[in-house]
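As structure tokens, one chain now follows by itself in the form predicted alone.
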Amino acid sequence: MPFRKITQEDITFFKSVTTYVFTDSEQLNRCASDETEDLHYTPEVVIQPSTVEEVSKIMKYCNEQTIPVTPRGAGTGLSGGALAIFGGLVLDMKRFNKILQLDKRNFQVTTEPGVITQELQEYVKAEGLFYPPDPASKGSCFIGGNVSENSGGPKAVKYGVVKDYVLNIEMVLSNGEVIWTGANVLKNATGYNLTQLVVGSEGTLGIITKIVLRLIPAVKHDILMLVPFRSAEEACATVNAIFLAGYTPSALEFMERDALVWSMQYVQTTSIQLPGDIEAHLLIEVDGNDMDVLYKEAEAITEIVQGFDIGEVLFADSHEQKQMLWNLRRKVGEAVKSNSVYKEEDTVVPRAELPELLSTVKRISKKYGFQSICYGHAGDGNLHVNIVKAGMSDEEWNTGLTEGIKELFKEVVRMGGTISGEHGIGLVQKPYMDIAFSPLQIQLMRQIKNVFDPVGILNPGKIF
């Protein structure tokens, strides 16, 4: 479907709907990129609605006029999902920033999509409740973006990802109609599960305007340890050994040496000692409400890791030290980006295959001549592979690298995994969808998209 350019008549209509209509270069440039590599696509107009009625009127008009609409949260995405690659309109949801209702009796919260994830977590924590999904960008990313990408984070290993907490969604369809996708209940076997279809759909099926989230009781205590390994593959193998022994940490994160070195340089700290023979670290957390139980779990896990070739285990002995360790882990992505042009792949395999995944990444890196820095949610089998350009020529970067990524993804699928664990497909991963899915599977997805958005105006050019 060909899209048309936005006219002054369109701008006049948009301004009749909401005050916040922008065509100035500052706002257009702000919405021209996200955190994906160095991509830049300038929209023609940015609109910041604040009510569902405004969104409905805008979508109805754009549907009738075949104007492409790209929904945008905080712009922290890593797959190019919020980029207006066909120009048109960016629907910036930053003014949908209210927590609407906390239902403590039923352990639920209703929120608008523009609420920052960490602010929602702190709000419910003050009431003795817990919303576990915690992506690295939780201090700036929006709940709506998390739902659109089915985000995870370190806590996912024990508590699950965003899809496990979304009960119901209010959304505006491409034609301006408003629906709720489900019901505010813990069990629902009533028809197709539209709620879970929308979670992870990357803004291609509708505009999310309200979200009902399930909460759980807050956890009082945690113990955090940093374990250095002389072999990165052994660090990966240790992950499954912990689970096979019957323990489920609340976080189990992997960082190879360069990931931690670059992060320490980025945050300007020398607080972690890194002997020359250490190749990787596991950051392991256990949590609960009984410290005696947690001490026993931590001791048991320590015995397990001591069966491998490790250095001295660091136990965080204060809140400040815990924050320091988590800050180092969360800043790895930013640290890599600050060092070099890079691409980030979000591979995920069954947990027991993690050692093979890491060795495969290194083999392919060597074959195609690129440097890879790996870290991620080891407890989920989710390895973030940061490929840095470093000394590669433009031709190697633009041509040879693509072949290397294809080979990596084919190996990931062979291991029973897939090409994205939590970052989504968006723009940058869509060329590889045929590695993960058959033509029939992709055709079924396209047909679902067509039912929700027959004109094709919602976040066009993404996923497919």
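Don't overthink the numbering: it's just position in the shown sequence, from 1. Small disclaimer: the values here were computed from a predicted structure and weren't measured.
In what follows, reference is made to the form predicted in complex with a further copy of the same chain, a form of this protein that is not presented.
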| remark: a further copy of the same chain in the predicted complex has a heavy atom of only one listed residue within 4.5 Å, and of Ser340, Thr360, Asn240, Thr302 that residue is Asn240
| said: Give me the residue from Gln118, Thr110, Asn184, Ser231 that has a heavy atom within 4.5 Å of a further copy of the same chain in the predicted complex. | reply: Asn184
| request: Kindly confirm or deny that Gly153, Leu197 and Gly421 each have some heavy atom within 4.5 angstroms of a further copy of the same chain in the predicted complex. | output: yes
| query | Is Pro68 a contact residue for a further copy of the same chain in the predicted complex, using a 4.5 Å heavy atom cut-off? | reply | no
| query | Within a 4.5 Å heavy atom cut-off, is Gln306 in contact with a further copy of the same chain in the predicted complex? | reply | no
| said: Quick check on Leu314: any heavy atom within 4.5 Å of a further copy of the same chain in the predicted complex? | reply: no
| With the partner left out of view, is Glu122 within 4.5 angstroms of a further copy of the same chain in the predicted complex by any non-hydrogen atom? | no
| task | From the candidate stretches 318-326, 136-144, 174-182, 262-270, select the single one in contact with a further copy of the same chain in the predicted complex, where contact means a heavy atom within 4.5 Å. | result | 174-182
| remark: Near a further copy of the same chain in the predicted complex, with a heavy atom at 4.5 Å or closer, the residues from 417-453 are Gly417, Thr418, Ile419, Ser420, Gly421, Glu422, His423, Gly424, Ile425, Met433, Ala436, Phe437, Leu440, Gln441, Leu444, Met445, Gln447, Ile448, Lys449, Val451, Phe452
